[in-house]
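Okay, so here's just one chain, in C-alpha cells, the form predicted alone.
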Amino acid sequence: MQNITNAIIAKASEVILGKEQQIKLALACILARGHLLIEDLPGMGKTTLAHTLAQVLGLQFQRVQFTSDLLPADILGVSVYDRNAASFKFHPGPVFTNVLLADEINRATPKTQSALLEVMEEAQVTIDAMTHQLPQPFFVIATQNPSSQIGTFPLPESQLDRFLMRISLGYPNAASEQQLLKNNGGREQLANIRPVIDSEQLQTLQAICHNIHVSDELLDYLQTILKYTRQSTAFNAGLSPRAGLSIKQCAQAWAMIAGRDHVIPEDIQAILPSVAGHRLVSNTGIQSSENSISNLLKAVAIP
C-alpha cells in the first residue's frame, strides 16, 4: 500500500511544488473518509491542490465558486415541472460528484453554507421530501480566505466540525517559487497529470485504512489528550467524542501512508494540529494555533 500512496504523493507534488507535507495531510483526510478545509490567502494554490488530488485519484470533479448571492439550489439542484410528464423532475446540482470543490466557502451567506451540512454528514440530498444519494466516494474540499478579509462570513462551529481536517499551504520556498515562475504556474502540469488509481481502488485503500490497528495504550493516550483539553483553562471548551474519533481515523491514515499496519504516538502528534486546530478555541476567543497544540502535546505524557 505504501507504494501506491507514495506514487499519489509524488504525482501530486509535480503540480503542487514544495508542499509534500500538506499533500500527505490532504491524502490522509481522504483515506479517512473526511472533508478537508484549506484556509489561506488568495493565490496560494488552494484550488489547484483540490483539482490535482481529484485528478490523481481518478475522481469526478466539480467546482462551485461561492459568492454572496449563491443559493442552496445552485449547489444541491432543483425540481422543475415537466409539462409533458405532468410531474416535477429533479435536476441534480454540482454536488452530485466525487469531489466537490467549494471555493471560497466563507464568501457565501450562512444559509447557503448550511445547505452543505446534510451533504457532508449523510452524503445525500433531500429535495421536496425525496432523498437522492450521492455517488461514492464523496468528499468536500472547501477553501476559505482569512476571516479578516472583506466580504467573508465565518463558518459556524457546527459546520467547521464537519471538516475532518483544516490545513494551510503557506508561501512556497524560494526554489519551488522559482520553478513555479518558470512554468507559468501549475496549470500546464495539471493538464498532463494522469490518474494513479481509480475510485474503486481508493475505496479499497479506505477499507484497509479503517482496519489499521490501534492498541488500547494508544487509545489511552488519545483519551488523555481529550481529557486535557476539557480540563485545561487554556481552552474555552474541550474536544468532543467526535473529535476523538476524527483524531483516531486520521492517525490510522497517517500510519498507512507511512507503511505501517498499526498506529504509534507520532501519528497522533503529526495530525493533531490539522484535526484539532479548528475545533479548539483558546480562552482569548480565537482558534488554537500550532503553538497551543504543541504545548498540549508537551503536557501529555507519551505511553
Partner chain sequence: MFNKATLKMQQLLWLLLSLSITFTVYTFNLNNWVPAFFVFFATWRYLIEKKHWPFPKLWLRLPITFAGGLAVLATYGSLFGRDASLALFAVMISLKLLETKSKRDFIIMVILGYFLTVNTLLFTQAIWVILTITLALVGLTACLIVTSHAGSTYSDAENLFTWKAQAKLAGHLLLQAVPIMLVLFVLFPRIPGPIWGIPQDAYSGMTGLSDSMEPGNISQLSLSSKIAFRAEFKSAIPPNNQLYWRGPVLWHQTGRSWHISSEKLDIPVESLETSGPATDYTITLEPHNRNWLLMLDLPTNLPANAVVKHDMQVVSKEPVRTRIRYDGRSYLHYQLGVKLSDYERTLSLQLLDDENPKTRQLAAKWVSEHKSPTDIIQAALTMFIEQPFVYTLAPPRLGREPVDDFLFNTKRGFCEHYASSFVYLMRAAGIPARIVTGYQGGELNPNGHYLIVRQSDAHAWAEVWLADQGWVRVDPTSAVSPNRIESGIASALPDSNLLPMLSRQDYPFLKKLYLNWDSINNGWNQWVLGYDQQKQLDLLKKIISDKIVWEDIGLILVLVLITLMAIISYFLLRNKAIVLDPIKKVYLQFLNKLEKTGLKKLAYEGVTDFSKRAAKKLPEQASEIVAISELFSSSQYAKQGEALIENKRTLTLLKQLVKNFKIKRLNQMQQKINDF
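All values reported here derive from a predicted model rather than from experimental measurement. Numbering follows the first chain given and starts at 1.
The same protein has a further form, the form predicted together with its partner chain, not shown here; the description that follows concerns it.
Visitor: To test your reading of this chain, name the stretch in 26-34, 66-74, 47-55, 255-263 whose heavy atoms come within 4.5 Å of its partner chain in the predicted bound form.
Guide: Heavy-atom contact with the partner occurs in 255-263.
Visitor: Quick check on this chain: which one of 173, 199, 224, 215 has a heavy atom within 4.5 Å of its partner chain in the predicted bound form?
Guide: The option sitting close enough to the partner is 215.
Visitor: With the partner left out here, check for me: in the predicted bound form, does some heavy atom of residue 4 sit within 4.5 Å of its partner chain?
Guide: No, residue 4 stays farther than 4.5 Å from its partner chain in the predicted bound form.
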